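Next up: just one chain, as structure tokens, the form predicted alone.
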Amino acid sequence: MAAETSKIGSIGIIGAGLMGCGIAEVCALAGFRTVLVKATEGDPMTARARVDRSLKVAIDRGKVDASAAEAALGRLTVTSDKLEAARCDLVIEAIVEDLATKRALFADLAPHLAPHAILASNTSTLKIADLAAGLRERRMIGLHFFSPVPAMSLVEVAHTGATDDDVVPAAEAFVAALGKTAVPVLDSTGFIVNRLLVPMLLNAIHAYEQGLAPAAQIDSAMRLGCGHPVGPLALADLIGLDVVYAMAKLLYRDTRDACYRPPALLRSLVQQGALGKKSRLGLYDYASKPPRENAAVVELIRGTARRAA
């Protein structure tokens, strides 16, 4: 049975972290009945509170009317029951970036989905074909949102050779209804943006660990010289160094291209639990305002330079 764009009236999002809550917020604001599922332990109402806080910030900044925010919250259901999301027309997975974990979730959901429903993954690097193998291949697609979801206008729409003809147009129409721009891309590791972005982040970390310049100067050079709103080291911290490390490892594994080989400094920080802004320590130290360079990293780089001399 072919899906029709008009049938996408309800959206299920599984995963209530930063990405899942952001996707739920924009869907509810766009008028969709939205079900947000907290996939990990804990009170699901914490996810609703997160969306509420984000909407209040948007109101304060004049980006959303208070009445629109109230209406959006009225369209939002937050639960820990995955089957509530499975009853929706479009189900978007936004859980941990792990192939086995995602496939297990899809296997649980598949028997409960309507024939016309579309199953989507917010994966940033995994192949949709690998996620979908044996599991509704023709009705599965990649919908890669970018963080922070309310502010970022791009959504990569990844499709495979097995995707039903109606699925990509339906996904594009959905993205347009959110006020965002869909860029369809043939299924591949990293799609478009991360294929190009990850080498820049890794090269910036390489340059930093080799002592080319302090972190703030590397970031300033890219902001001022290339017009980037955020420098690559600050961006790596914002994305999460663990996420950057995982993307780099996956891209290197699949391509064997040296430009994706993770730097030793990145690996070391992740192993130490210094994951960037979310852990308040990464390439920068976020305990201070404004953030300053991580003193331990600075000392490590200086020590390496002394030994090399």
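Residue numbers run from 1 along the displayed sequence. All values derive from a computational prediction rather than experimental measurement.
Only in words, not in the display: the form predicted together with a small molecule, which the text now covers.
**Student:** Is Thr181 near the small molecule? Define near as a heavy atom within 4.5 Å, in the model of the complex.
**Tutor:** Flag for Thr181 set to no.
**Student:** Please check if Lys278 has a heavy atom lying within 4.5 Å of any heavy atom of the small molecule in the model of the complex.
**Tutor:** Taking the distances in the model of the complex, the answer for Lys278 is yes, it comes within 4.5 Å of the small molecule.
**Student:** Although the partner isn't part of this model, could you tell me whether Ala16 comes within 4.5 Å of the small molecule in the model of the complex, counting any heavy atom of the residue?
**Tutor:** Output for Ala16 is yes: heavy atoms within 4.5 Å of the small molecule.
**Student:** With heavy atoms only and a cut-off of 4.5 Å, decide whether Thr40 touches the small molecule in the model of the complex.
**Tutor:** Yes, contact at 4.5 Å.
**Student:** Select from the listed residues Asp164, Asp187, Asp219, Glu97 the one whose heavy atoms reach within 4.5 Å of the small molecule in the model of the complex.
**Tutor:** Selected option: Glu97.
**Student:** Of Ala274, Ala30, Val243, Leu265, which one comes within 4.5 Å of the small molecule in the model of the complex, counting heavy atoms only?
**Tutor:** Partner contact (heavy atom, 4.5 Å) among the options: Val243.
**Student:** Pick the stretch from 219-227, 144-152, 111-119, 166-174 whose residues have a heavy atom within 4.5 Å of the small molecule in the model of the complex.
**Tutor:** Flagged stretch: 144-152.
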